[in-house]
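Below you will find one chain, with nothing else, as structure tokens; this is the form predicted on its own, and questions on how it binds or moves follow later.
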């Protein structure tokens, strides 16, 4: 999925409390070099740059990188933004003090390859901080609905349908699973859990904002409009938002997440498959 479709920059501010928490965990110092993997519109990179560290944001969506560059200019902070992804970082070996990824690393198709690439660019005492969704509650319902709608448009209904806006099958939210992935690479791991509330005027207003802006629903729309089923799909999306709503007077859905902080304390060994 192209994360540049839709207007994700209008949805990204909802994530700022968790982004700020991850940035605080990175604790980047002036003079350090930090890479924001899957930077999107640049939320984490811009906060780190404002603190005086040298930052490069990497993302596969050129349009979002342009949004990030414009915002950096508006804030008068120095940050670079380059096309790339977690499996192919445009940095030299052993040059990076810290890697941060806010709700992005979790979407890579091959976790082992991604973390090996991160190890390649990190210094021997480098840090990796990233956030992951816990797939439960309203967020999981939305992801499940998106996959169901995509499946309904597939030429072969029996074929598996991937929703690229849903975290990969690896258990990124499980500290034990993440430790099993990172420990052979010389990392020690700590994890902290949090909750993030998404709010709106009403379930319908929240659903309409997601439909208008989020790449997930732009992807679904592209698939369903040619079949004539997009109008019915919108009604189904509103229904799900209504069912998961936690605030009878407006709209609120609470999503749980975890922030993993890993520090390289030893040499890399073989990666667990």
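Residue numbers count along the first chain shown, from 1. No experiment lies behind these values; they were computed from the predicted model shown.
Although not depicted, the form predicted together with a small molecule is the subject of the following passage.
At a distance of at most 4.5 angstroms from the small molecule in the model of the complex, none of the three residues 128, 173 and 181 contributes a non-hydrogen atom.
From the list 80-88, 191-199, 67-75, 135-143, the contact stretch for the small molecule in the model of the complex under a 4.5 Å heavy atom rule is 80-88. Interface membership of residue 108, defined by any non-hydrogen atom within 4.5 Å of the small molecule in the model of the complex, is confirmed. For the chain shown alone, residue 258 is not a contact residue for the small molecule in the model of the complex, no non-hydrogen atom being within 4.5 angstroms. With a 4.5 Å cutoff on heavy atoms, residue 103 counts as touching the small molecule in the model of the complex. The closest non-hydrogen atom of residue 61 lies within 4.5 Å of the small molecule in the model of the complex. Only one of the listed residues (26, 47, 39, 233) places a non-hydrogen atom within 4.5 angstroms of the small molecule in the model of the complex, and that residue is 39.
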